[in-house]
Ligand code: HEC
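Here's a solo chain for you in structure tokens, the form predicted alone.
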């Protein structure tokens, strides 16, 4: 009986120490609210502001720099996209219906396979199929106004006249002072890893969750070789540990601000379980 009590007391002590360390010794992650989508005030938008909006979308929500960057070499550079559009529409390989630069740039984002720049098609497709997803659908989900803002940015980036029009489907701003409106509600938190992977288009670059992206490392068994700390760091700071055979700067470092802490940890747990 005495030995039993000793074992019991020792067990309770160990459990207590472990619980105390778990609660107070390990830094706690406070769940952050899901990010808020930018509200478009098109009625009061000047062209300069529209171009600036396009730049923010290009570098943020649109995830364009994920592939169109100077170090990755995974997609063509877009600094001259507006100046080469006319030439590409005349190319015999062009399968689209655009007749203007604006139409071509719009089409290239929603129907990327209409024209694939040589050397940037899916493997085995002979440059007839683009690996790029339709950015107006899926996890990226750019609206018509957002697509046109990016076109304005690309035209300005190329040094050409900005010929895209700012959409007029919003009421013009009233001249008189208005009561400040509350900020827009944040998006609903995602509650499954598959929903996160779809929302942030992980499968466009990685093999994961049944998707077959070939731009980034294969994640189908990543949990067998990488622990949670590595996976978390890779999501928050992709350039901290670059996988062999890949270059720094290919993956954007935006997920720490676009995902809530709870979503991030859910994705880390999911990836760690892929063994």
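Keep in mind it's a predicted model, so treat the numbers as computed, not measured. We call the rigid core the largest set of C-alpha positions that still match within 1.5 Å between the two forms. Positions refer to the first chain, counted from 1.
Keep in mind that the form predicted together with heme C is not shown, yet the notes after this line are about it.
Residue contact with heme C in the predicted complex: residue 152 places no heavy atom within 4.5 Å of it.
Under a 4.5 angstroms non-hydrogen atom cutoff, heme C in the predicted complex has residue 131 among its neighbouring residues. The shortest heavy atom separation between residue 41 and heme C in the predicted complex exceeds 4.5 Å.
By the criterion of a heavy atom within 4.5 Å, residue 221 is excluded from the residues contacting heme C in the predicted complex. Taking 47, 229, 236, 242 one by one, only a single residue has any non-hydrogen atom within 4.5 Å of heme C in the predicted complex, and it is 242. Put simply, of 78, 190, 102, 166 only one has a heavy atom within 4.5 Å of heme C in the predicted complex, and it is 78. The partner is not shown here, but in the predicted complex the stretch 98-131 reaches within 4.5 angstroms of heme C through a heavy atom at 104, 105, 108, 109, 112, 115, 116, 117, 120, 130, 131. Taking the rigid core as fixed, one finds a CA shift for residue 237 of 2 Å or more between this form and the one not shown.
Core-superposed comparison between this form and the one not shown: the CA of residue 226 exceeds or equals a 2 Å shift. Once the rigid core is used as the reference frame, the Cα position of residue 194 differs between this form and the one not shown by 2 Å or more.
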